[in-house]
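Before any questions on how it binds or moves, here is one chain, the form predicted alone, in structure tokens.
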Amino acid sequence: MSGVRVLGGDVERGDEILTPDALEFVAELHGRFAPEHAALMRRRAHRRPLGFLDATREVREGDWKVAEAPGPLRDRRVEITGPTERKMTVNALNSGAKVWLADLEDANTPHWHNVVSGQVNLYDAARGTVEFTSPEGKHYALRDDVERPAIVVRPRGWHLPERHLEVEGRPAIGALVDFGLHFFHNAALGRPYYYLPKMESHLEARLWNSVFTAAQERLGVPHGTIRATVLIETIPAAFEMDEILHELRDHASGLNAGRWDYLFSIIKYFRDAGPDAVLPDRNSITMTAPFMRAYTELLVRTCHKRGAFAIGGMAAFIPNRRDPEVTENALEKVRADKTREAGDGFDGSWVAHPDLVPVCREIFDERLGGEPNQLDVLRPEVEVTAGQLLDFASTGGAATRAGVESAVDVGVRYLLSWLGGNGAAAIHNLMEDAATAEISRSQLWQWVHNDVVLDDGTPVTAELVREVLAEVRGRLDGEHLDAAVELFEQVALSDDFVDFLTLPAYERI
């Protein structure tokens, strides 16, 4: 294949995905859009003052709507998230959820095997032929008595490369590999739906829209067949919700409140902005904090004004079938979280475990009262200012020794899992993805570099973090422990802040 080199090893059934025509399609997308992509990534390097854009005021104040949703996406009251591992694929399709977020991003370690086998599993899932037999002999197959969810694929963010596939001598853009391979093989089936992560501006949404338009034209798919839900999980994007929907309006389905990455983005963006921007322990920052409340209320109002769906964030709590007390605690917290979202006007929300699907569905069933969504809940009373989105000082809470220990412990445990090939890890009865480690390490970086003092009077120093890191290391084991500890120390304590820990982590797999 001219201009394309596959550098990864053989993966079972990989020849069905990495066909000459599919690789040529991915290469064409790169040839057309890589220069614009590079310019947008350079633009990210220059942090801009945050606020609503004067240049796009007409978009925010204009009277327009996104395209009407196709049938499979009109009812999204409960969405289950998870990686495209084969057992998870079967369980997600059997879960009773309305949507499966098939995650090629934060819940997936991009080992070449995972990248390609994930596409194999999505290929089979789209055709209803996916099944799995575990090493212990347990067989998983699709049930006939459960309505299958719409599959919405989350490709990698714009910032991530795919070094196992080169185009014209350069590592491919991970997002275009994930999207391109999936769209090429499955678009003809009529449901090419996507979740778009980590965008920082409407210009990045414009690029995705151009990619969608070109891909549909190239394969003879009607314009607007693709539908995309955008995760608002960066603080710059929170100020451009209208603009992002407008850029994607022929292809837009909605916005999602990606709460954990959003919190990471805030810490990252204001990491060196002084004490007024320092946040307390992660566990004390709830969705009722004023700045988080402003974010979700603005998201619902913006979506419904434009005829787009507002999808709530992930409930990280997971039940434990062997521990009734843990399960009851998880169910109680999930009920409270989803009840708040349903009351705020969200059209649906995320869960991370099949046992939570009935809980979320029950709450939204009661709220929706027979309707498929809440698009008619316009929330005209909501007026959110830039100051409210940036009101971190009203959060309350404190930095504590327990918070330091938790950040180190969870961060290392997650990296240990990620390096081993599992990007969705159950840690202390929570389902964690890359956002967890990002919050952990960025918060420690912020505390160290802003001379934060814990509530017991202890200064947060690099030495303190290393002391706790040694304690955590002594409690854990695993093939990748040394690499996980070294990597966590690097991204938490280096003088230069790494934008995404998955970038140096990718060099270690």
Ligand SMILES: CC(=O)SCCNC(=O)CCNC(=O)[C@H](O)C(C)(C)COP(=O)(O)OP(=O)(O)OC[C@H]1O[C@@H](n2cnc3c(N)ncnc32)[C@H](O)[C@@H]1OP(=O)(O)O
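The structure presented is a predicted model; accordingly, all values stated were derived computationally and were not measured. In this text, residue numbers run from 1 along the sequence as written.
Although it is not shown, the form predicted together with the named molecule is what the next lines describe.
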query: Clash verdict for the named molecule in the predicted bound form, overlaid onto the shown chain (3 or more atoms within 2.4 angstroms of backbone or C-beta); finding: open
query: Partner-contacting position among 438, 204, 337, 103 - heavy atom within 4.5 Å of the named molecule in the predicted bound form; finding: 103
query: Contact residue in the predicted bound form, chosen from 179, 309, 350, 212 - any heavy atom within 4.5 Å of the named molecule; finding: 350
query: The named molecule contact in the predicted bound form: residue 77, any heavy atom under 4.5 Å; finding: no
query: Distance check, residue 216 to the named molecule in the predicted bound form, heavy atom within 4.5 Å; finding: no
query: is_contact(residue 83, the named molecule) in the predicted bound form, heavy atom dist at most 4.5 Å; finding: yes
query: Exercise: residue 425 in contact with the named molecule in the predicted bound form, heavy atom 4.5 Å; finding: yes
query: Interface segment, criterion being heavy atoms within 4.5 Å of the named molecule in the predicted bound form, picked from 377-385, 393-401, 318-326, 218-226; finding: 318-326
query: The named molecule in the predicted bound form - contacting residues of 230-262, heavy atom within 4.5 Å; finding: 260
